[in-house]
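For reference, the chain that follows is the form predicted alone, supplied as structure tokens.
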Amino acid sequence: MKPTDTIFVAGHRGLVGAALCRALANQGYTKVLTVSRAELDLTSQAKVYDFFQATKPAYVFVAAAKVGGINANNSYPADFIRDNLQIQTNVIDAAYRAGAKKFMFLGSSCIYPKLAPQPIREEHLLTGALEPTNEWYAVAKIAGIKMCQAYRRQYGFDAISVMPTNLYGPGDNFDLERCHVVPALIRKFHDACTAGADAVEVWGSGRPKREFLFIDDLAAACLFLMHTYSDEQIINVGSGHEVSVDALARLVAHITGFTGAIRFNTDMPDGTPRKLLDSSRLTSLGFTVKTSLTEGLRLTYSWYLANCRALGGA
């Protein structure tokens, strides 16, 4: 991948896509294609095909997806499986037919079984039942992985699939109806500080453990893998460190300055009890994560403070 190559980043306004665009710009890539949803509906096969035939990108990163937390997955299962299947099917096929040199599909750690051995290795895919609260999204992502593998086997298409752990960072979604745990906690504790509330409710028991990766570290890993990796086997991208939701909530409370009580609502679902990725395949290639959880949370909160009014926060 050279600075003069045409590169298409699908989903450039999302958390992952925006970070990819930042990383590409920082490394001197000048021909990065991005299109808004209004300009190109990725669920439309004909429109996606026409776009690829017109632009002929050499490299493609697919960060476009319908995403959300437990509440969104539970509330809109049809939307999650339909939209994601349509987007990834259209883009994978169109990229191949337009002659793309290399293709990266961004998956998610939720593709793995709910009770997978820990840390989770790539070969644990499809060895057990999925977490029920996000299986619609997970099934769609697994289909995308298999489509990339199939196109590599049948057509020799250089498509790779990257499985990030739980992501967070500047540009995240802070809508409490649809966001993931880190932005949800930042929003809740910030709002509580602003309102002078004496307590904040957190869903679940606080016992589940999660691994988190700062979004700019993921973007760096994606560019690294686009240069160094070519295999049908999926590859995990994680930080290698896990934290309980309880400890995470207390860390976010400290960073936002909240000093009140934290109350865990055990009537709400916990999701997967533990989810730590084995990223040894990535580290063996020479990549290392740079941002600690504390530093990443501070950077994310600083971004939120600068943008909270525009996001509907206090």
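From 1 onward, residues are counted along the sequence shown. Nothing here was measured: the structure is a model prediction, and the numbers come from that model.
What comes next is about the form predicted in complex with a small molecule, which does not appear here.
Asker: Can you check whether Asn73 is within 4.5 Å of the small molecule in the predicted complex, heavy atom basis?
Answerer: Looking in the predicted complex, residue contacts with the small molecule include Asn73, since a heavy atom lies within 4.5 Å.
Asker: Is Tyr112 close to the small molecule in the predicted complex, meaning a heavy atom pair under 4.5 Å apart or at it?
Answerer: No, Tyr112 is distant from the partner.
Asker: In the predicted complex, does Lys102 come within 4.5 Å of the small molecule, counting heavy atoms only?
Answerer: Outside the cut-off, so no.
Asker: Taking heavy atoms and a 4.5 Å cut-off, does Gln149 contact the small molecule in the predicted complex?
Answerer: So Gln149 does not count as contacting the small molecule.
Asker: Check, residue by residue, if Gly128, Ser161 and Leu277 all come within 4.5 Å of the small molecule in the predicted complex, counting heavy atoms only.
Answerer: No: no residue has a heavy atom within 4.5 Å of the partner.
Asker: Among 90-98, 120-128, 214-222, 172-180, which stretch has residues with heavy atoms no more than 4.5 Å from the small molecule in the predicted complex?
Answerer: Result for this chain: 172-180.
Asker: To verify the annotation, which of these, Ile142, Ala184, Met226, Leu106, has a non-hydrogen atom within 4.5 Å of the small molecule in the predicted complex?
Answerer: That would be Ala184.
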